[in-house]
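Only one chain is included here, represented as structure tokens and corresponding to the form predicted on its own.
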């Protein structure tokens, strides 16, 4: 299914809880504030099936809050894997519970993991995430690699004056351990969350010069055309660096449909207000065409933000 700008939906980003054990200073809450209670496991499974059948998507990423704070996370992954509709099931996490849960998640059918890691310095890590747990997260990452997850991506949100001097070390860390580094430029918090322009102005780090530097040094550059036209750089030390920078080109390459933990379907991180909550409708046994009309309405609401 394509939107008005001829962008096809190829990927579902599904928040399964708004709960989180961290207090990240840059948290965007996935661009929405839940209006009702979380979807039940059966509702999540049903909605994943409906979206796969309507949109013909085979890729889904589960997020939160912190998805590993959801008690039924392993069952959710298993249910979705058992649908045999998704070839790529991934999850983004702060990594706190990875050591305990990685093996269960892998056996349930989870393919890939993104771990938020914006510092390798304990004191800076605590400042960014609000918890002194870097050692525990690194232990979980090691376990995740041993189990066989591949690729493992590290989300590094670069913040001016806080961790911008750690980028080189982080790239080397990824090269040594075989992780993919996702360099993320801070974006303005969505209007749905009230915005926080002051924070953005203080800590925003323009990554354009960094991207130019990567382009000059990389042995290979790849454009992920099915993922917001992201640039991926293969560096001389074999590190893989993927860049995520809000821009018009980024938006024009967006292939994502978002689902809030309360059942809100929306097409843009910045415009959850244009979404439509499907929770009540899920509890009825409607035909696929009924659900398709709701999904199409949301897809048609998508517009490039930049």
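Treat the numbers as computed from the prediction; the structure is a model and nothing was measured. Numbering follows the first chain given and starts at 1.
The same protein has a further form, the form predicted in complex with S-adenosylmethionine, not shown here; the description that follows concerns it.
Remark: of stretches 275 to 283, 60 to 68, 235 to 243, 43 to 51, the one touching S-adenosylmethionine in the predicted bound form is 60 to 68 (heavy atom within 4.5 Å). Between the options 155, 79, 90, 133, the residue in contact with S-adenosylmethionine in the predicted bound form by a heavy atom within 4.5 angstroms is 155. 185 is the sole member of 72, 185, 103, 166 with a non-hydrogen atom within 4.5 Å of S-adenosylmethionine in the predicted bound form. In the predicted bound form, at least one heavy atom of residue 13 sits within 4.5 Å of S-adenosylmethionine. Among heavy atoms of residue 27, some come within 4.5 Å of S-adenosylmethionine in the predicted bound form. In the predicted bound form, no heavy atom of residue 119 sits within 4.5 Å of S-adenosylmethionine.
In the predicted bound form, at least one heavy atom of residue 94 sits within 4.5 Å of a heavy atom of S-adenosylmethionine.
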